[in-house]
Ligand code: TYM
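In structure tokens, one chain follows: the form predicted alone.
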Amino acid sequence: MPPAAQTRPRVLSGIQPDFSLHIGNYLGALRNWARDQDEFENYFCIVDLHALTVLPDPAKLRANVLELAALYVACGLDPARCEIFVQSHVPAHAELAWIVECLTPMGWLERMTQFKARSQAQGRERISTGVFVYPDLMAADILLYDADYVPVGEDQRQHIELTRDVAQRLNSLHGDVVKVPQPLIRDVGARVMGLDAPLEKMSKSIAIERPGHAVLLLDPPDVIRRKVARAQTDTEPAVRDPVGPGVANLLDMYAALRGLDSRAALAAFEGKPYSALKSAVTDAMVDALQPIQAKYADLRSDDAALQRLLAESAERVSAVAGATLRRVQVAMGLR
């Protein structure tokens, strides 16, 4: 039986609860998710199973899940208009992942950029097999919910292509079993770079080791100001066109936060000292984050309610995930 028809295109995305979210997560993902809630049928996951590849402290992982759930809502995701759930609360994710692994040749996984980078950095003998099959679990996450689109950055396109390859292989073997998803890649504000290294995409994993790398969504104003003040700029004494990567990154963030295009942002600061640009970027960040932080504090005042929200959503999406899993199991001869 093919996937059921949907009245609106369905979107599935998720974030690991491995560290606090930063301004790049907001501009590149969460703000877009909130803005487009009425355009799509939305499934937003907290992918805690993915976080296990680095063997996190259990208490910290549980705390991070609640922090991330609260930030989802504080950034504008409305539980009445989208599903917000924890990956491990829906056992079908792990069950389908095994089937996906059996459909995936090792060569496909060996070509994955993340696996190659971790292997080079840590050695193949030291990283877990979870790092190797991580893309298959991600594919299972997506395929379970018959997602039409997956909002990702350009650097995640490879994962979606593997998901499509797996889906097409399953369908070629057993008929119209799963939906083949498409990446949904945004251009504006979609790739925020590190404050301390503007040739690196802003990353939670880097921010763990280098706090000046990223402005976190829960940073107080004085911390934001200090981090932005230390952001890498250019050798020129003022903003000049063409700008280098550090200044371009600050201009892009300012433009995204103030709703401007990149040319307008450059025009506003051309010829001005970097201190003026950094001050304006700081003000824009503080203005954007203050209401998020206030909403977050309110949500965290009642963690029991937050946990109920996650449990209720997991129960609803389990029906969708279970139907897909059964469909795949029948196709594979397991039922």
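Every value quoted in this text rests on a predicted model; they were computed, and no experiment measured them. When you see a residue number, it is the position in the sequence shown, counting from 1.
Note that the form predicted in complex with ligand TYM isn't included here; everything after this is about it.
> Between V247, V178, V192, A207, only one gets a heavy atom within 4.5 angstroms of ligand TYM in the model of the complex; which residue is that?
None of the other options qualify; the answer is V192.
> Work out which of A97, V228, V150, L257 lies within 4.5 Å of ligand TYM in the model of the complex, going by heavy atoms.
For this set of options, the contacting one is V150.
> Choose from 215-223, 166-174, 105-113, 150-158 the stretch whose residues reach within 4.5 Å of ligand TYM in the model of the complex, heavy atoms counted.
Only one stretch passes the 4.5 Å heavy-atom test: 150-158.
> Is there a heavy atom of N25 no more than 4.5 Å from a heavy atom of ligand TYM in the model of the complex?
Contact with ligand TYM, yes.
> Is the gap between Y134 and ligand TYM in the model of the complex 4.5 Å or less for some heavy atom pair?
So Y134 counts as contacting ligand TYM.
> If we define contact as a non-hydrogen atom of the residue within 4.5 angstroms of the partner, is V47 a contact of ligand TYM in the model of the complex?
Looking in the model of the complex, residue contacts with ligand TYM include V47, since a heavy atom lies within 4.5 Å.
> Answer with yes or no whether M202 is in contact with ligand TYM in the model of the complex, where contact means some heavy atom within 4.5 Å.
Yes, M202 lies within 4.5 Å of ligand TYM in the model of the complex.
> Which residues in 296-335 have a heavy atom within 4.5 Å of ligand TYM in the model of the complex?
The stretch 296-335, when checked against ligand TYM in the model of the complex, contributes no residue at the 4.5 Å heavy-atom cut-off.
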